[in-house]
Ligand code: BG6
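Below you'll find only one chain, the form predicted alone, shown as structure tokens.
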């Protein structure tokens, strides 16, 4: 099973938002690139016809990247539809008929997590779970206890090797580039430790608000939405040891070890904020205490990273939309020439979005008679090219049974263990103005080690920094 491709693709929630925004565009892209040749079966509660689902798929593509006539014709010809209640055995009997001779289906549960157990039981009762794989979408629980319960539910019907927990962030090219850069360049390893690294900052800033998703955000908040998953994944990629081999579990074993040595956060390590006006959003409680901004100070308790603070912040209604990592190196032990303050030390900067770049800030002598220096940024910019979207890449991997970019059960639970004690109202909420970098308390959190580096709209000027 592990080495065989899936032979049918079934997605529950076929009429929903995720299918509309991500799954249909990914399927068309895969067909266009010659990477997909499976029957496609949509399942949903809506009493639609197949023609209505095809119309929905076309509308989805018109709104998200455009319709490729040839690829859409193939997609449309492969598409089938099964409607029915997920709690009805008849729905799954109809699905079994639609699968025909397919013996290794891939199921995508693009549905709320509280329906996972219902669907898993329905698949098993109709004999649809044999040799099958299943994709589940984040959030993988709301805390450690619910994540453990969800994993237990999934494992009743599917072995861990057949469960693909999809986090689209791991399918992004810049995130993979971060991992590649670490282990494909020998110059980095000697300094990638507590002896040379002073601190690490990771910022995920969004210049927009909740965009009409107030009801969802009330259930999530910034810590659950991006810190527990996306941002701790980046910390794991920065701090993990080199995998012992090339196979999937070697990489995921090292990531799991990285999660396990992250010190659980305490309230003193966290600042939560909420932008002014959030409570006016539809679906948001008038006295909401949900955070739209979070800043945390994280420690990684290993021989390599002991004592190095990792500062993470994520927020909405920030001045720019950008995600980047700043690894600040320690300054030289003595000032041989001019004085070098901590903020003038060398650093690596990984810009993950919106553009992709890797830069090193070094010091060079200023022109003139004095032995005084200035920072010079050496920049490598990645040419855009035609890269796969995260969902295109991850769906293709799941069809092949390649779980490298998916989250494993023990990794999910270890990441929840890091944030579990600070969820909810464990810390106060601080209001901040839109188009700012969050509440003042976030600056106080990092003050012992300096100040936040605030990404500009574009910190890289390709004309002046070639």
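This structure is a prediction, so every number in the text was calculated from the model and none was measured. Positions refer to the first chain, counted from 1.
Another form exists, predicted in complex with ligand BG6; not displayed. Remarks below refer to it.
J.: Could you spot which one of 358, 226, 170, 265 gets a heavy atom to within 4.5 Å of ligand BG6 in the predicted bound form?
T.: It is 226 that has a heavy atom within 4.5 Å of the partner.
J.: Using a 4.5 Å cut on heavy atoms, which of 253, 269, 129, 206 is close to ligand BG6 in the predicted bound form?
T.: By the 4.5 Å heavy-atom cutoff, the listed residue in contact is 206.
J.: Test of understanding: in the predicted bound form, would residue 213 fall inside 4.5 Å of ligand BG6 by heavy atoms?
T.: Yes.
J.: Could you confirm whether residue 138 comes within 4.5 Å of ligand BG6 in the predicted bound form, counting heavy atoms only?
T.: Taking the distances in the predicted bound form, the answer for residue 138 is yes, it comes within 4.5 Å of ligand BG6.
J.: Indicate whether ligand BG6 has at least one heavy atom within 4.5 Å of a heavy atom of residue 316 in the predicted bound form.
T.: Yes, residue 316 sits close enough to ligand BG6 in the predicted bound form that at least one of its heavy atoms falls within 4.5 Å.
J.: With the partner left out of view, is residue 349 within 4.5 angstroms of ligand BG6 in the predicted bound form by any non-hydrogen atom?
T.: No - in the predicted bound form, heavy atoms of residue 349 and ligand BG6 never come within 4.5 Å of each other.
J.: Would you point out which of 255-263, 161-169, 302-310, 284-292 contains residues with a non-hydrogen atom within 4.5 Å of ligand BG6 in the predicted bound form?
T.: Residues of 161-169 come within 4.5 Å of the partner.
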